[in-house]
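Below you'll find only one chain, the form predicted on its own, shown as structure tokens.
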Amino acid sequence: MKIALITENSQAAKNTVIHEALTEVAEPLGHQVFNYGMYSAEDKASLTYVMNGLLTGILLNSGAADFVVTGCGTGMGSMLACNAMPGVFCGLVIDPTDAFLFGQINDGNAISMPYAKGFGWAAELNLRDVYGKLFDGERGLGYPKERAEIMRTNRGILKDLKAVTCRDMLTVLKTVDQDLLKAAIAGERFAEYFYANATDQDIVGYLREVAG
């Protein structure tokens, strides 16, 4: 699985800690981790939580990523922005129990975490435990197990509902504020990671035009 990490500007200084915890857990399980930044508070390209959501939509809908790990101070802003995007199902995850239940019940494709609120001593241990519950083993099995079928049915209904209420990603990209879009894809390693992994050529082609 291709996992993308996106860090919002107010928490950019913690990117290294988050990235190290994510790679230490995910890579031995056979997953690839792509760090889209921000890498530090001094980065030229600054990502707001709104841009986190837009970038998450781009990565998941283009096939450049299979799962996105993002967040902000409380985790709520990035979660809301992610869920505004077509095809994105993002959960607010604070601890390993949240991660386990989100993976088994909702089986979404993105999480948002709080990187300021409650992010204190030994926070990296919580990160590792969260990622372990998310990425080790099969997701979507249900909890409790006797409710697995109804949970699977409801996930399908929600997916269909979102498909009706959201426009497709290419339309979003063409109609969103173009300065916002340019800023969201201005990261130092966006082009390197995105164009090597994206499979939707319509999205790829449009972003090449936008980026010039």
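A residue's number is simply how far along the shown sequence it sits, counting from 1. Source: prediction; values computed, not measured.
What comes next is about the form predicted together with a further copy of the same chain, which does not appear here.
For the options A41, A148, A183, V50, the one in contact with a further copy of the same chain in the model of the complex, meaning a heavy atom within 4.5 Å, is V50. At a distance of at most 4.5 angstroms from a further copy of the same chain in the model of the complex, none of the three residues R139, D202 and A211 contributes a non-hydrogen atom. Heavy atoms within 4.5 Å of a further copy of the same chain in the model of the complex are found in one stretch of 159-167, 62-70, 22-30, 183-191, which is 159-167.
With a 4.5 Å cutoff on heavy atoms, F119 counts as touching a further copy of the same chain in the model of the complex. In the model of the complex, at least one heavy atom of N154 sits within 4.5 Å of a heavy atom of a further copy of the same chain. Of the heavy atoms in A45, none are within 4.5 Å of a further copy of the same chain in the model of the complex.
Among residues of the shown chain, F100 is one whose heavy atoms approach a further copy of the same chain to within 4.5 Å in the model of the complex. Taking a further copy of the same chain as positioned in the model of the complex, the residues of 119-133 that bring a heavy atom within 4.5 Å of it are, in sequence order, F119, G120, W121, A122, E124, L125, N126, D129, K133.
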